[in-house]
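Considered here are two forms of the same protein chain, supplied as structure tokens in two stand-alone entries, structure 1 and structure 2.
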Structure 1
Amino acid sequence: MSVTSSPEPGTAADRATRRPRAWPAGLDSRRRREAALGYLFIAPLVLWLVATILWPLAASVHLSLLDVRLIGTQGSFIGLDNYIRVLTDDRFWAAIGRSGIWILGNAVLQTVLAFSAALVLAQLFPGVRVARTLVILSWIVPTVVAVIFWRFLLNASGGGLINPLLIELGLTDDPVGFFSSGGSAMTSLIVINSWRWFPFITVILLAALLRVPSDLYEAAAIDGATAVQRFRYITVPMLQPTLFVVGLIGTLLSFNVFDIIWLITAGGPSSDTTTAPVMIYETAFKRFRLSIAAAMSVVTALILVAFALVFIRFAQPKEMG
């Protein structure tokens, strides 16, 4: 199967290196000029990120070596003590574990929802344009509004929709308390967060799907490939570069989701929905242990970077040709 024409990242960069232009003489100086121009073009972005991410990150690393408790107070240097505390704290690792469940749950649910929605919306049928616009609705809603939505919908004591509906359908006799056990609280939060994010992934996948040349499918159909085979051998490989970036960024983004959990359960019941970001926030602003929270976030960031490197190493699309 020839997919060299795939207009996707990765391959494009390769294409640029593999198909050098017929440079005239003076190649070296031209290359140098091109490099300088390249740095010039990316400079605004890089400087922006250095100022707003790297600098605060450095400030956090500094903070993590002190013993500051409350914002605004001074601390003294205590070396790696905070790191030792964090790394030997069972509660921190439990929170990291919950974050693992959180990203896994979100990844599975959002992948299923987004894939099925994108595959349907990629087809042409009456009303598809309206459907493509409607599907985006829950992504454009601010978290605070999403929280209002779901607190209202899941209410069991006056108002609400889900509980009266379940009762009318005879699925349950008594209203369900969606946040009253650790398991169901985590599940409900994952559903709510997925509700908020899957439309965006749907659109990205939809875009990638529509870029797959339709003659590939036609050829495969003539060869007698089934729908499942076409999905497995055409769609998935063609989507791989997109899935790679969405998988990487989606995982990092959903790991760091904080507000929706905080506003709905505050990490409870007990600490069953206390993921790493929730614990960091609580440690900094509720337990007033700012430096320990800084150490926690540095450790967390390192774990995420390690994850990203492993992900890049093993999931990056291979060179195609």
Structure 2
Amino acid sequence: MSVTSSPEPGTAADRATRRPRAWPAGLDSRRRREAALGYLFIAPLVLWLVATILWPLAASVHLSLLDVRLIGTQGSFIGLDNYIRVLTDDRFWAAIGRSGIWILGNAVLQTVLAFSAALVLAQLFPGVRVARTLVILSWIVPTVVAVIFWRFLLNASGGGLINPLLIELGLTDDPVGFFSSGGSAMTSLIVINSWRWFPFITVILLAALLRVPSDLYEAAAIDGATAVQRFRYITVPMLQPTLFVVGLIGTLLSFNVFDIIWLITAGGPSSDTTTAPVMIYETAFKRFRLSIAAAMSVVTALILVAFALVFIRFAQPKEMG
């Protein structure tokens, strides 16, 4: 005769049938206070984002639906006419194409320069701390000073330093007009902008490199891995999250560069360096078509959002997903 015993306290059956223990009375109120404190801390940032991003974006959308030419004037409601005009304007899409060339050139050159500099600065050699400090100098130099510096270096009419050096080395017989044609002007601008911004990327990559455990390199070296193999199978995978963030943010920042282009070429020659931001500025403040410029801004913002979503979808590392 078998006897069925009731489940003892602490057994699996008892735990399955036991009612959940009630939380202490003061715990919920404490969590609510902590949540309210967290919302209070992030409220200034949210308000700042609303004031600096959402409100201007909403104002731009509203302005793009009107027919306003000058700042402060009234305009009538014309609906989507400005968007139709922008989307059918070949000059706008040509400016978008030049912005794509600008982004690609800057991305390649800045990545090569920053990666090379970060790999050198990650090594231990006499004066490495001084070198790590000096590498950031070109980034902290004001834009106007950098423009004057480079215009002096690349001056073709006399007084420049680059052309005499090229002639002395036998690379050219006549002074090179770095800003006289579209191809050379765009290339020169990409070099100048990359020179200005690659130190910022170098610092980010250097910080990521210094976080890679040295034991990984030592173990790979003991196993006979070459320097190229260690770079490919250790350095690059460990830097993927950093490269993803730098690629996304760097692309968006490069697209919106206006000051260097405007101060050096003002979009010339023959509009060959007129990128989307330069065209928007000219449309608003030189052609006095404020509403059309607002429509261009909205379309450009949508293009950047679409790019960001696609980039995140296909380039985001798995460990960040």
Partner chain sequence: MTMTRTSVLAGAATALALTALSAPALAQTELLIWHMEQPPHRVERIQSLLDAFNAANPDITVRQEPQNWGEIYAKAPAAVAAGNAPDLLFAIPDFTPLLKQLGAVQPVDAIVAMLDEAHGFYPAALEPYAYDGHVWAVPLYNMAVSLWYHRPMLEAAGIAPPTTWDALRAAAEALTGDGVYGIGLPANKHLYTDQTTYALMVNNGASALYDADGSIRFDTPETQGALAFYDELAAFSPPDIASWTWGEAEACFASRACAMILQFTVITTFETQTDGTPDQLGVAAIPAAEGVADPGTIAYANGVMLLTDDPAKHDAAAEFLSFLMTPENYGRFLNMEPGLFLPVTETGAEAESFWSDPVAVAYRSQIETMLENSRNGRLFGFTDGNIFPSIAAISAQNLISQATQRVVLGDEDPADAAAEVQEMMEDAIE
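All figures in this text were calculated on a predicted structure; none of them were measured in a lab. Throughout, rigid core stands for the largest set of C-alpha atoms superposing within 1.5 Å between the two forms. Residue positions are counted from 1 along structure 1's sequence.
Enquirer: Working through the pair one at a time, identify the form predicted together with the partner chain and give its number.
Expert: Answer to the question: structure 1 is the form predicted together with the partner chain, whereas structure 2 comes from elsewhere.
Enquirer: After superposition on the rigid core, does the Cα atom of L169 shift by at least 2 Å between the two structures?
Expert: It does shift by 2 Å or more.
Enquirer: Verify the C-alpha shift of R33 between the two structures: is it 2 Å or more after superposing the core?
Expert: After core superposition, the displacement of the R33 C-alpha between the two structures reaches the 2 Å mark, so yes.
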